[in-house]
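Two forms, one protein chain; structure tokens for each follow separately as structure 1 and structure 2.
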Structure 1
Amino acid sequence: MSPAAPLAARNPAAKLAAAAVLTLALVVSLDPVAPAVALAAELAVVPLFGLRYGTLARRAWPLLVSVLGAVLTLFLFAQDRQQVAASALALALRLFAVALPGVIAFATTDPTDLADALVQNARLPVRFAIGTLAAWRLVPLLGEEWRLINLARRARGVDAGRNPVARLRLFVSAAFTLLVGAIRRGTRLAAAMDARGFDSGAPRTYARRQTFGAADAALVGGAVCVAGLALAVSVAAGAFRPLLG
């Protein structure tokens, strides 16, 4: 990924807005044509985000697996294979076309920049945006903590063996310990942030300026055009099936 690519460098709030526009447009239509048009356009702009298709496929593999799983399930339980094939194809296209913009946006956006843009350009409350960002930093610690907690249970002589009920009880008790630790850590982090004057009512300034310029507006406009085109082609081809009605 190259952060200097023309679309990767766009304002994170603009990327999220563009993704939201496409999602909204594709959710209202049940036919295969609209998502096919949108997906084609999305795949065409991937290089403008500085992403390789291979990198994107690696990032999106959980999506690929779940879509294939959904399609396979539809096939297996189908009475009329031909009719189901059409709706399965439509479903797969919709899932890809809806999810891909989000995957692209997050793959090309630094979390700090995103929080900055949400506060400065999208006017989200600073307590929410920066608080979430700070909490996000602690997430990797939870994985290591979870491993240690479970090892500590083995050290205490507690294991579930093959008994599913004992396993569930052990899981609940380990989750409780993890939660206690996470709350303690969160409380300490909140105190440290308060001590540094966070959200104390004083007007805040920004060390990293996020600007929302013409190019950012153009990205959102482009997304609106793609969404409109997809729906227009679908209607013109007589395939349009609205979600409601």
Structure 2
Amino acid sequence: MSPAAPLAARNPAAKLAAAAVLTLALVVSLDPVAPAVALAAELAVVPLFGLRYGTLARRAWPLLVSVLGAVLTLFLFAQDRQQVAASALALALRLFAVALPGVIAFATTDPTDLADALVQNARLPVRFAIGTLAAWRLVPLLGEEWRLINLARRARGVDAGRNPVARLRLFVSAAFTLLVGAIRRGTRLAAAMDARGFDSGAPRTYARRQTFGAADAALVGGAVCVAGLALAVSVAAGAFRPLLG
């Protein structure tokens, strides 16, 4: 990521607000037109956030897997696969269009800046903001722990081989081990944060001030315009299908 990119330096609260605007706009309709327009706009501004498309694809691979899994499930359990194709396309586009702004926002935001912006600009409680920061910092540790769990089992000779049932059983067992470790770490971290007075209610100072300026407001306004354009094109094309109604 290039910090000098025009949108990468925007206030983290503004990035989250822009992502929320697009999300709310795209969940009100079931058609594929609105998310297609929004997705095209989102992909067009990726370079303005200082991201390369290859980097974005590597960060969004869980999203790709989830979308493919959802589409495949629709086809496998549909009685009329030709009729479900349009619904599957609309679902895939909507999932991409809704999730991509969040992926971009978090990929271009420093965790500490996010916590500061949530408190200073969004006026969220300090306990929630610091907890969000701690959770974000701990996410990379989950991947490392998963790797260590698998290496430890391999060192003990635990291997499922080509047996799919055994592979599934080992996966569930490793996932449970990872969950237990994450809960224990979270409990210790919460106790440590309380011991350091993060929830004392005393006034706090900030090393880095987060300002919400005209450029940040323009980012949110741009998201509103993109959302409005996507819905307007959907209505004009006669494809708009409200979620409720």
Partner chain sequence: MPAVRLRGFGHRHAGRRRWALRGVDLDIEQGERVALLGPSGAGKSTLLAALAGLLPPESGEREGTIEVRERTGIVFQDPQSQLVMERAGDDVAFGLENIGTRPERIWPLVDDALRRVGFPYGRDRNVAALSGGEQQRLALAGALVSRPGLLLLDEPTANLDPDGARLVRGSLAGLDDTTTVIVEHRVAELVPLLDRVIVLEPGGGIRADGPPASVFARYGDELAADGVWVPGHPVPALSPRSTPGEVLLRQDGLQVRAAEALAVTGPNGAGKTTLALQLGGLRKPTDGLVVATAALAGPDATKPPHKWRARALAGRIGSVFQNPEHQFVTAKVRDELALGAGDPARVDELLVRLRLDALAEANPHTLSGGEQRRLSVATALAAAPRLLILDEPTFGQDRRTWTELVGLLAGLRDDGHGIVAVTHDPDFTAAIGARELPLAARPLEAVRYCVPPGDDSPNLRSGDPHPYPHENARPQPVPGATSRGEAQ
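Here the rigid core means the biggest group of C-alpha atoms that line up within 1.5 Å when the two forms are laid on top of each other. Structure 1's sequence is the ruler for residue numbers, which start at 1. Note that the structure is a prediction, hence the values are computed from the model and not measured.
Visitor: Report the structure number, 1 or 2, for the form predicted alone.
Guide: It is the second structure (the form predicted alone) rather than the first.
Visitor: Would you say residue 60 moves its Cα by 2 Å or more between structure 1 and structure 2, aligning on the core?
Guide: Moves: no, less than 2 Å.
Visitor: Taking the rigid core as the reference frame, is the Cα of residue 150 displaced by 2 Å or more between structure 1 and structure 2?
Guide: Shift at residue 150: 2 Å or more after core fit.
Visitor: With both forms fitted on the core, give yes or no for whether the Cα of residue 122 moves by 2 angstroms or more between structure 1 and structure 2.
Guide: After core superposition, the displacement of the residue 122 C-alpha between structure 1 and structure 2 stays below 2 Å, so no.
Visitor: Where the rigid core has been superposed, how far does the Cα of residue 170 end up moving between structure 1 and structure 2, given in Å?
Guide: Shift of residue 170 at C-alpha, rigid core superposed: 12.5 Å.
Visitor: Aligning on the rigid core, what is the distance the CA of residue 192 moves between structure 1 and structure 2, in angstrom?
Guide: Shift of residue 192 at C-alpha, rigid core superposed: 6.1 Å.
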